[in-house]
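Next comes just one chain, in structure tokens: the form predicted on its own.
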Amino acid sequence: MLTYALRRFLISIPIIILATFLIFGAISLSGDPLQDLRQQPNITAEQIDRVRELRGLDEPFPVQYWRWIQQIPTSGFGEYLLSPRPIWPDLQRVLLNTLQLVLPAEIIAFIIAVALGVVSAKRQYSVFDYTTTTLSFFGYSMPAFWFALLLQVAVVQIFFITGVRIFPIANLSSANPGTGLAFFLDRVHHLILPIASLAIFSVASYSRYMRASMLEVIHSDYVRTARAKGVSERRITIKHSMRNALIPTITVAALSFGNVVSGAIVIETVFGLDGMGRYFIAQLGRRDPYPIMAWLFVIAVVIVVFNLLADLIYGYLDPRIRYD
């Protein structure tokens, strides 16, 4: 297993290097980052040339790329274009805030989806199966921002009717969240609606994959053989059927995680959360290429890491994969 994990890790390194090249190339070709500065009447051409020389924007593409690559491990993506402030502290803050939203949403969505998929497959064409299928189609086609707005409206209406504020509809914390356990409970209370809004699509998607995989597995020869040998139905479902049916579902979840992180832009905007999404929109408006490249690099690393974790889970669920 260690050899398998090491091999997968080594494969990820050139992928990340290629991602840095594509990110830097795409952002560099998107336009002049000093264009907005040129339009300001109180900025002279000499000042613009000084900024361009200071940030190395007048150097060849390979030199600029190498300078940026060196800044990633040494100075945390360097500094903002027009400010001496480092990028990494701000990016680290919003990344942690986003992970507090995305990780619980994906874990909860995956657990619920696996349970729904397994029960739907075991009770194929039942009322439960038809109900979950219908709700999954609704959840799959429902825009996340629209569902988030519906939750906000529902909470506000309940407050107008009863005077009770069930959940906060904005921000990550209260004005005075306290410390320790009080801070944790306050943060959880604020994240319940955003997590529900983000998880609804994943539940609908993963449950469909899990149901299809489970149906394929429970009708396979080895499951019928285990049942003929007298193995209990519970053991067949958990050890033989569900374990193998999880592999394609894990693939979908791992490949979707990067999209979920980047897709949190909408949810964070609706609920006013200080996360990766709002940070990206703010830097995009400022036309600063360095924080945008840092943001894209972090997303690329997250995608590679979760694909690596998926490969390791494959090796655990199916030993044939690790020895391939």
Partner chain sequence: MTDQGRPTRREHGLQTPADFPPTHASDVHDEREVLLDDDYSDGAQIEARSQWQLFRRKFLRHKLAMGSLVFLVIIGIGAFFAEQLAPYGYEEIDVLRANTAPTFEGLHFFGTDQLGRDYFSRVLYGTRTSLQVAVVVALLSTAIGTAVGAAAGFYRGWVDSVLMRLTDLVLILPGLAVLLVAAALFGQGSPLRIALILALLFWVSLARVVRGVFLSLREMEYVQAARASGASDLRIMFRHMLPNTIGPIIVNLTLVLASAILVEATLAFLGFGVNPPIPALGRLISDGRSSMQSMWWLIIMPGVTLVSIALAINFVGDGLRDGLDPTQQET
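Just so we're clear, the structure is a prediction, and the values are computed from it rather than from any experiment. Positions refer to the first chain, counted from 1.
What follows is about the form predicted in complex with the partner chain, which we do not show.
Contact check for I112: no non-hydrogen atom falls within 4.5 Å of the partner chain in the predicted complex. Taking non-hydrogen atoms only, Q92 never approaches the partner chain to within 4.5 angstroms in the predicted complex.
Contact check for A294: no non-hydrogen atom falls within 4.5 Å of the partner chain in the predicted complex. At the 4.5 Å threshold, heavy atoms of Y314 reach the partner chain in the predicted complex. Among the residues I72, I192, V156, A182, the one placing a heavy atom within 4.5 Å of the partner chain in the predicted complex is V156.
Contact with the partner chain, judged by heavy atoms within 4.5 Å in the predicted complex, is confined among 192 to 200, 207 to 215, 72 to 80, 112 to 120 to 207 to 215.
Using a 4.5 Å cut-off on any heavy atom, the residues of 112 to 145 that reach the partner chain in the predicted complex are, in sequence order, Y125, Y130, T133, F137, F138, Y140, S141, M142, P143, F145.
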